[in-house]
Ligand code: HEM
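In structure tokens, the next block holds one chain alone, the form predicted on its own.
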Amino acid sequence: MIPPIPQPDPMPLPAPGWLLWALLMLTFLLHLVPMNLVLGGSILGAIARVRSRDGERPHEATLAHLVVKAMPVLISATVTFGVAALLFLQVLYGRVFFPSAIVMGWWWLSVIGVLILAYYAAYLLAYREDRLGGAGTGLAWLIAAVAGLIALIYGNNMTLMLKPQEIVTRYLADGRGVQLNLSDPTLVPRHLHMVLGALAVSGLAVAVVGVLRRKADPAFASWAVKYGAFYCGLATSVNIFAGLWWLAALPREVILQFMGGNPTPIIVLLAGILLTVSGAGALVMAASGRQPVLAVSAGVATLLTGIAMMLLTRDTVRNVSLAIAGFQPATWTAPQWGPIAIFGVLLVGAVVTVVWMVGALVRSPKTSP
């Protein structure tokens, strides 16, 4: 009989468990921001491209052009920080992560191919936008579709890994690596929650672009703050219901433990909801024209903090689910502080570089179509 959860590897962890967990949360948050901008930004950019084809909406044409120029950088940042987060995930949860990836192996490996397709499409748009004509709109929607597909494939793996016994059952039934976790009741609300969150973050980013370009292009800046506030507020409002749907779809025993004797998970969840709603509210104030710089800055701070709270809630659900399934984290450690220090320095350098590149793109006068 195949045990549902393999024994811990006969190798020590390269750092204390708490540090690996903290680095997982940090790198995943750093991955989540550009990932949301790729997924939500590609959708908003494609919509703006379609709406500006008649030539009567110059601000939306400018926005579509900005998205095109930023997309290669955002995809690179998503992959870079995503690899780091995935490595820490594998160290901590590899005994359930790898078996679920094997069950859906061909889908999991396909991410590389479709990601390369999106990457080429992004570069083609960025450097040949003026020559593509109507084909540019098709490429914009292709990038959005690929980003959504990759998110769905990852969601399948992250939900399936929480059910080790089902992984074994699925593998014994069909070991060709073609199965997905589409029957999981949490998959659809989880994916919807992610897409709506990406739209909200991308709306926030559009408002930030408006603030940064208020001197270079005041008319576009005013429009961008209002446009970003609209999408951020709308997506956040709907996302509250998607998040509650996701929580309600969790297994009963997970909900009972999540809402059990320890009040911390509930406090974190409520704080995340309150902060994200407050962030959207700050953007609405910015759209009214009252101190837009201060209001957008407050929206960035509260919304990003709310996202961090949501990540902690997601992590709690994962740990509770795996604990119920019998998963016990490895405890043997042999810290390798040299490589960890090098990683920390390179991580800071990567964050600074990406922020500088995005800022240069936003402020550049050449980003107008």
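Quick note: we count residues from 1 along the sequence shown, nothing fancier. Treat the numbers as computed from the prediction; the structure is a model and nothing was measured.
In what follows, reference is made to the form predicted in complex with ligand HEM, a form of this protein that is not presented.
S.K.: Though only this chain appears here, would Thr78 touch ligand HEM in the model of the complex if you measure heavy atom gaps against 4.5 Å?
M.R.: Contact check for Thr78: yes, within 4.5 Å of ligand HEM in the model of the complex.
S.K.: Spell out, yes or no, whether the shortest heavy atom distance between Leu63 and ligand HEM in the model of the complex is within 4.5 Å.
M.R.: No - in the model of the complex, heavy atoms of Leu63 and ligand HEM never come within 4.5 Å of each other.
S.K.: For Gly155, is any heavy atom within 4.5 Å of ligand HEM in the model of the complex, or not?
M.R.: Close contact exists here: in the model of the complex, Gly155 approaches ligand HEM to within 4.5 Å, heavy atoms only.
S.K.: Contact between Pro251 and ligand HEM in the model of the complex at 4.5 Å, heavy atoms?
M.R.: No, Pro251 is distant from the partner.
S.K.: Since exactly one of Arg53, Arg318, Lys69, His59 fits, which has a heavy atom within 4.5 Å of ligand HEM in the model of the complex?
M.R.: For this set of options, the contacting one is Arg318.
S.K.: With ligand HEM left out of view, which of Val83, Ile267, Leu244, Met259 would have a heavy atom within 4.5 Å of it in the model of the complex?
M.R.: Of Val83, Ile267, Leu244, Met259, the residue with a heavy atom within 4.5 Å of ligand HEM in the model of the complex is Val83.
S.K.: What stretch, of 289-297, 143-151, 233-241, 211-219, brings heavy atoms to within 4.5 Å of ligand HEM in the model of the complex?
M.R.: Only one stretch passes the 4.5 Å heavy-atom test: 143-151.
S.K.: Residues His31, Met35 and Arg190 are flagged as a possible site; in the model of the complex, is every one of them within 4.5 Å of ligand HEM by some non-hydrogen atom?
M.R.: Answer is yes for this spot.
S.K.: Which of the residues spanning 227-255 lie within 4.5 Å of ligand HEM in the model of the complex, based on heavy atoms?
M.R.: Stretch hits: zero.
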